[in-house]
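The data below hold one chain only, encoded as structure tokens and taken in the form predicted alone.
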């Protein structure tokens, strides 16, 4: 006996009502608010740097006109981007780039070599050294600047690039950070390179450095930002424009009866752009380092 099903009888279909995801909306709004809080001052800074009239900048600060410029001009940048005069911000910027490049390049290799020795070298009392490194990290930088300044002046490095580069290349934090990465490398890799006749430096250079690009990028970014934002030490160690960085130069706009806000805003943009480019250049490995750390943790 065959069962006949009427074609006109619709099969039951479950109707799913589309409900808004309240959680997703709340997250989106929260992220949007945080983004606006972070980006708004930077956007205001950039807009103000395009206004040649410093009094107009002050007048617009109390309204939404602060985020808009009707007639943008690069006059502020051309006025301060010089290599001579009272405030040669072109020279200050070049000085800061030289200090940044040398400190980051030397710091990455110096800290990584120290970490490699701690991780894989035959170093007696390694636990004591690691404890001392952690202890040195909690010592505030401001507590050592005066004896460090005396030492720099005694060896004849005052008012120089070396005085701003050499003291901050090595850091207990970055040595420990790279050390934590190196000790997670399998022992078989080190042993295989040793069997092949590689020297310790060859193993460090050809094996461990290529494996540690994410953590090295993280150290480069953190050290670069720390170096770029240095103010107290360069202020104490520089007396002329020869090696003065842009962070100290910007402070020259303030402390007077009248502040040229248009020039100060342009100088601030000049200081902000290179470090943003520096971060974007290394962000791929920076994010990769955090992801790998999270997975291993």
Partner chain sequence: MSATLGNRLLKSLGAASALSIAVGAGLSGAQAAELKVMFQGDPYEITIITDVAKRFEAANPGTTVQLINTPHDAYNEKIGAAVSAGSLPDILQLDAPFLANYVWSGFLQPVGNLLDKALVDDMTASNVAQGTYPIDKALYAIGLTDSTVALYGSRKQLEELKIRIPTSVEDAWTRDEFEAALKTLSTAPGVKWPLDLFRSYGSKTEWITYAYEPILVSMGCDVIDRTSWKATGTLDGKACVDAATEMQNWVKQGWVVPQSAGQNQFYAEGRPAALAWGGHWFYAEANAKMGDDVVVMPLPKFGEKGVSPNGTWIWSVAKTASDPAAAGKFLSFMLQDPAYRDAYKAHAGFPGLKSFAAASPLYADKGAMAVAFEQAGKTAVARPPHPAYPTITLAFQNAMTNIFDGADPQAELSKAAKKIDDDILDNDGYQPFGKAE
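Please read these numbers as outputs of a predicted model, since none were measured by experiment. Positions refer to the first chain, counted from 1.
From this point on, the text means the form predicted in complex with the partner chain, which you will not see here.
A.B. asks: Heavy atom within 4.5 Å of the partner chain in the model of the complex: which of 78, 150, 141, 184?
C.D. replies: Contact with the partner chain in the model of the complex is made by 150 alone.
A.B. asks: Only one of 48, 243, 248, 271 has a non-hydrogen atom within 4.5 angstroms of the partner chain in the model of the complex; which is it?
C.D. replies: Spelling it out, the residue with a heavy atom inside the cut-off is 248.
A.B. asks: So in the model of the complex, does residue 238 come within 4.5 Å of the partner chain, heavy atom to heavy atom?
C.D. replies: Yes, residue 238 is a contact residue.
A.B. asks: Would residue 61 sit within 4.5 Å of the partner chain in the model of the complex, counting heavy atoms only?
C.D. replies: Flag for residue 61 set to yes.
A.B. asks: So in the model of the complex, does any heavy atom of residue 87 sit within 4.5 Å of the partner chain?
C.D. replies: Flag for residue 87 set to yes.
A.B. asks: Should residue 70 be counted as a contact of the partner chain in the model of the complex, where contact means heavy atoms within 4.5 Å?
C.D. replies: Flag for residue 70 set to no.
A.B. asks: Three residues, 120, 126 and 283; all within 4.5 Å of the partner chain in the model of the complex via heavy atoms?
C.D. replies: So, no: the whole triplet misses the partner chain.
A.B. asks: Name the stretch, out of 174 to 182, 142 to 150, 197 to 205, 100 to 108, where some heavy atom lies within 4.5 Å of the partner chain in the model of the complex.
C.D. replies: That would be stretch 142 to 150.
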